[in-house]
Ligand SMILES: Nc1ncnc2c1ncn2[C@@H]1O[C@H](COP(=O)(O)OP(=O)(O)OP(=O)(O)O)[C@@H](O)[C@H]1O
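Coming up is one lone chain in structure tokens, specifically the form predicted alone.
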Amino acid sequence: MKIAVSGKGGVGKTTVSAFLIKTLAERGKQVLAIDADPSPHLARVLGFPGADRIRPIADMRELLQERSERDGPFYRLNPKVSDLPERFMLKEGNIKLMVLGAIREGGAGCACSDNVVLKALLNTLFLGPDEDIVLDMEAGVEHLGRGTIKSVDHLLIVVQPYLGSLETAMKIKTLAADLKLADIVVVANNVKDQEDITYIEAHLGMVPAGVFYASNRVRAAERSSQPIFESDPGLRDSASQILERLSGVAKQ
């Protein structure tokens, strides 16, 4: 099962990703977690040792330039990346973690060649047939425009019950449909009551595949930089519900 988790910045993609990853791991699955956010925090949320010292591959500019093999205005379209997972992948129990990050151009000009390396690495990671994959994506919709997630089985759009989040979700939903992704579902996060759920359903025309209710326990764990998975059993149940929904689609 290959899952991509998307949504507007700040809606809780990393929190949802972490609960899915840990739930899969508890079920005995081999899980590859990929953090492709420009500000990656998945290692910390999952409780990986030394999370604050992990350097995203997107920040390794010399490596990216070497692998893109620029020659004047040209660069290699199929850079060598097959050795990078072995060099930079972290492992904790039956969870493997790859921290990609994302290229931030920020006035540095075109970063197309660096993005080609990251895209090739992401595609290589998705070729692994014997493990479940959860991809914590960068915010917004630009990654969908690049078509970098065509190989996923399920796209989860995380939303919160406010208009900006839902507007971004609608854009993601439209682009994902254009890419003909097989399964697009909504996950409601930071929900307080049924009124919030009704609001989300009315704007998106979709029933959430899972609901993560607002949790003081998770908030406390995050503020103390503690792994969040053990903090709230109710959210673990929410993750299980989502995975059952996705597994049901896979079996059809």
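It should be emphasised that the depicted structure is a prediction, and the values quoted were computed from it without experimental measurement. Residue numbers run from 1 along the displayed sequence.
One more form of this protein should be noted, the form predicted together with this ligand, which is absent from this view; the next part is about it.
Participant: How about residue 214: is it within 4.5 Å of this ligand in the model of the complex, going by heavy atoms?
Facilitator: Yes.
Participant: Just checking whether residue 9 would be counted as a contact of this ligand in the model of the complex - the rule being heavy atoms within 4.5 angstroms.
Facilitator: Residue 9: contacts this ligand in the model of the complex.
Participant: For residue 222, is any heavy atom within 4.5 Å of this ligand in the model of the complex, or not?
Facilitator: The answer is yes: residue 222 has a heavy atom within 4.5 Å of this ligand.
Participant: Counting only non-hydrogen atoms and a 4.5 angstroms cut-off, does residue 238 reach this ligand in the model of the complex?
Facilitator: No, residue 238 sits far enough from this ligand in the model of the complex that none of its heavy atoms falls within 4.5 Å.
Participant: Of 118, 139, 97, 175, which residue is found within 4.5 angstroms of this ligand in the model of the complex when only non-hydrogen atoms are counted?
Facilitator: Answer to the contact question: 139.
Participant: Which of these residues, 46, 186, 33, 218, gets a heavy atom within 4.5 Å of this ligand in the model of the complex?
Facilitator: Checked against the cut-off, the match is 218.
Participant: Look at the stretches 202-210, 22-30, 48-56, 189-197 and give the one with heavy atoms within 4.5 Å of this ligand in the model of the complex.
Facilitator: In the other structure, the partner sits against 189-197.
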